[in-house]
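Listed next as structure tokens is one chain, alone, in the form predicted alone.
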């Protein structure tokens, strides 16, 4: 993991209230382009988990607009995007995308489906 991403993850995990820790430093517009190239086939144009390849997967892709996903911290989403999700077709993008692209994708996801801390 590069130093910059590690610093962002450390800053997000400091013991501050979750809303304060949810500071995204990515570019949502750039993130949308990366999402469309790398994520859309599984997660879909609406981020609903219904991409064109989703029906062929044993485990359905996450609905990135769902309450479950929206209640995750930026740290949790960055870890999933970077490392993948065990026992699912979601593979990690660390090494395939730059740290900035990872943050941009996170920013795009949050711009479409903002965090929900009501639960």
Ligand code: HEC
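Residue numbers count along the first chain shown, from 1. All values derive from a computational prediction rather than experimental measurement.
As for the form predicted together with this ligand, it is not shown, yet the points below apply to it.
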| item | value |
| --- | --- |
| Any non-hydrogen atom of residue 41 within 4.5 angstroms of this ligand in the predicted bound form | yes |
| Contact label in the predicted bound form: residue 93 to this ligand, heavy atom within 4.5 Å | yes |
| is_contact(residue 55, this ligand) in the predicted bound form, heavy atom dist at most 4.5 Å | no |
| Non-hydrogen atom contact residue 89 with this ligand in the predicted bound form at 4.5 angstroms | yes |
| Sequence-ordered list of residues in 41 to 67 near this ligand in the predicted bound form, where near means a heavy atom within 4.5 Å | 41, 42, 43, 57, 59, 60, 61, 62, 64 |
